[in-house]
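Considered here are two forms of the same protein chain, supplied as structure tokens in two stand-alone entries, structure 1 and structure 2.
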Structure 1
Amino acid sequence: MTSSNIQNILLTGGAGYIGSHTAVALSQTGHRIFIFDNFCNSDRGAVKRIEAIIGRPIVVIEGDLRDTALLTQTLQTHQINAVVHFAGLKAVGESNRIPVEYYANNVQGTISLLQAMQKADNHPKTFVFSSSATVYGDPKYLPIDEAHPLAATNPYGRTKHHIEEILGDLAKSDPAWRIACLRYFNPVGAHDSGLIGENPNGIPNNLMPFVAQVAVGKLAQLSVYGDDYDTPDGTGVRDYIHVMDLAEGHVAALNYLTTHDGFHVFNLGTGRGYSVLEMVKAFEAASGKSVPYKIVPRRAGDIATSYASVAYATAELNWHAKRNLKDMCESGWKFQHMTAKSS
């Protein structure tokens, strides 16, 4: 990276799981990073640990996305050139219970952020958005490419779809905008240091944090949601991607936007799937711990198989996932027993 490419980048939700790893990757590429977070699903300890990894202090602005004035002031004060927008609520089940809060936080929060970008004197117009494979809904074909129809099946997924539409309209209205929507598949694992990783509050909704907490002895056993799917071993198959590969995908997307204006959508996955039982076995091998499980009925809303076509991201972003399943499990285990267990 040449010094002319170095940017001041605001990471909304930068203290969270994916944001913290991306903060490390961007910082180590030479960018100056700034974190805006209300800590509703993270804490300042994560920022301290990012600082320990990168070896320098980070400017943190504590605030809510819906505070347009604070965002405008932040963008101006720090002469922000690009925004990577992670902040949002992300639990599918919760979104069915409190949909209005999901639309308010995710959609209204994004509108507030875009209004701040329009108001700020320096007018930053480079934007990377954390979208999700959940926008596709039930797969009509596999692998899922970016042209697959969008039919999210829950309010959380629909907030992501709405935001993508807003961003598409914005890019059409003003060709100076440079926008990338990154549709993540299933991010897992942690930074090699074991200092940052995924540490959800309460009982984890997602498979791998649950598996890690069983391995470390925090939870007694995993419930496997169904073994009667049309998959090789009957359990659900997903495209798990190492969170550091995902983080590097953001570096690649920002780099791409330096030479491409307009609105772009990329899948970020590995292009291959693993079943629940394969994940359990791999985690047992990485941790040396046993992960007891029982088969229970299917979880409502789950699908059999999901994995990405990564051809477009590979060709356009010059990026692909480099780390394998062993790397995902070993790093996830290191974080679980070194950092998450005690916090």
Structure 2
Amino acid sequence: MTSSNIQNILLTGGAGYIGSHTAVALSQTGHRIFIFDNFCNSDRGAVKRIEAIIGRPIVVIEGDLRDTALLTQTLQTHQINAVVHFAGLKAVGESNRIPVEYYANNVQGTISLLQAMQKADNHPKTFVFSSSATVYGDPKYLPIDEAHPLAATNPYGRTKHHIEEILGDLAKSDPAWRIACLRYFNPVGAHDSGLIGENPNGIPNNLMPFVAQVAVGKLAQLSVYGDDYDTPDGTGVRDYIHVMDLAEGHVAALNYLTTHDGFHVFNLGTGRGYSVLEMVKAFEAASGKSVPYKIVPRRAGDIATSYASVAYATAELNWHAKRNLKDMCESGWKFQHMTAKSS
């Protein structure tokens, strides 16, 4: 990367699971990273571990995304060129219980961020948004491509859909904006160092940290939400992608936006699905530990099968997932094992 391509990049929610891995990937390609986080579901210690991996300090601004004045000041003070927006609440089940909190944090927070970008003296207009495959809802066909109809089945997914609509309208109103919406499928795994990974506060909402915490003995057993889906073993099938492949997708998206203005949408996945029980077996093989589980009722808003078509991202971003299921499970176990030893 030439010095002219190096950017000052603000990562909202940059201390979280995907944000921390993307901070590493961007730093290792030469970009200067700044993290904005309120640490409501992330660990302050993650910043030190990111710094240990990349070998240099990171500026961290602690604040709420709805504090437009603080965001504006941050963008100006650090002469931010691009924003990668991860910050937001992200648990499907929880979003059904407290939908207003989800709309306030995710939609209102994003509006605040965009207003800050418009107010800042330096007017940064490059924006990568952390969207989700939940915007597609129950698939009409598989694999799911970017043209698939959007019909989210839960408040979390609807917040992502609303934000995408806002970003599309913004790009139409001002051709100077360069926006990429990255629709993630199911990120799992950890950095090879074992220093950063998915370590949510409280009981995990996502499958793999739950599996890992059972394997390490922190939790007694895994709850499998439903075994009566129309899938080979009755459990839900998802497209799991290694978090470092996902992080590298953000690097590719930022590179793409240097030569493409307007609004762009990309699926980031592997293009194939694994069931919950397949993931459990793979993790048992990687860890050498048993993962006892119990079948519990389905969660509202969950669907049977979801996996991506990644042809568009491969063609346009020159990116594809390189790591396999074994890599996902081994890196996730290494992180969980190291975390358990240090706690």
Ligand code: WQD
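Please note that residue numbering is based on structure 1, beginning with 1 at the start of its sequence. Since this is a predicted model, take the numbers as computed values, not measurements. Superpose the two forms; the largest set of C-alphas matching within 1.5 Å is the rigid core.
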| item | value |
| --- | --- |
| Pair member that is the form predicted in complex with the ligand | 1 |
| Core superposition between structure 1 and structure 2, C-alpha change of Arg298 at least 2 Å | yes |
